[in-house]
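This document starts with one chain, in the form predicted alone, laid out as structure tokens.
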């Protein structure tokens, strides 16, 4: 393969991301984890699945960063997971320390990589990675909006009994309880969902989207979501690796866009070979703008704690 992606963290999200990358035959994969034997074992397992799944992507497991050198994209999932009753804020300081160490090593061995941050609390972890790496803002982004939008799309499809392929949705803002799903920009085969269901049902789906991660945590009891987060990160990586220029909602550093400065917030962007190639500013109603500013304030409070 002429492309290389490193996945940091060989837990459920990281291992599933590695699997998706391989089965789409996008690249060779290096899976890194601090626990001896775990990334090596999972990499070998994925290699042994390759003849059945019919792909020639190579997967290598490692406990250090030398083998990650010259990665095109690095997906960072490392950190402790959220447990029942734990807010994303509770994760902040522990995962910030992990993110600093990981990003230093990534920047050392892959100075031209694009970083996709998955670790929680996501928007704050993007800030840590951005500062520690020294990379320009087009090469540091967070996986949040793709996941949150996918959840919203799934709930719309369930509600209306239609194909998920016909659903489109946008979720802006921070990755958490203050995220901003936008029903006005969400549709089924081009038909706004505001034409297809009652305001009451829309509000119920919006609320379920906001608490989508917590809903899964409460059901699993011993972990958090990983299939959908992994898929979301890989969709972003694929758009970069193939220079697809997909428009996806991602956490990016805003420098005046949407009236927000020096914060990673989820907004629609064009993702291509150079990473974030365009930040798209959509027109928001006064209510939507207020909700986005409220979400930004929640992210700012986490950044303030870190600093």
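Since we're looking at a predicted model, the values are computed, not measured. Positions refer to the first chain, counted from 1.
The form predicted together with a small molecule exists for this protein as well; it is not shown, and the discussion that follows is about that form.
- Within 4.5 Å of the small molecule in the predicted complex, a heavy atom is found for not a single one of 269, 272 and 275.
- With the partner omitted from this view, the residue of 128, 113, 146, 118 that lies near the small molecule in the predicted complex is 118 [heavy atom within 4.5 Å].
- Of the residues 90, 215, 207, 101, just one reaches the small molecule in the predicted complex with a heavy atom at 4.5 Å or closer; this is 101.
- Segments offered: 278 to 286, 238 to 246, 30 to 38, 46 to 54. Contacting the small molecule in the predicted complex at heavy atom distances within 4.5 Å is 30 to 38.
- When the small molecule is considered in the predicted complex, residue 224 lines it closely, a heavy atom lying within 4.5 Å.
- With a 4.5 Å cutoff on heavy atoms, residue 8 counts as touching the small molecule in the predicted complex.
- The closest heavy atom approach of residue 79 to the small molecule in the predicted complex falls within 4.5 Å.
- At the 4.5 Å threshold, heavy atoms of residue 296 stay clear of the small molecule in the predicted complex, well away from it.
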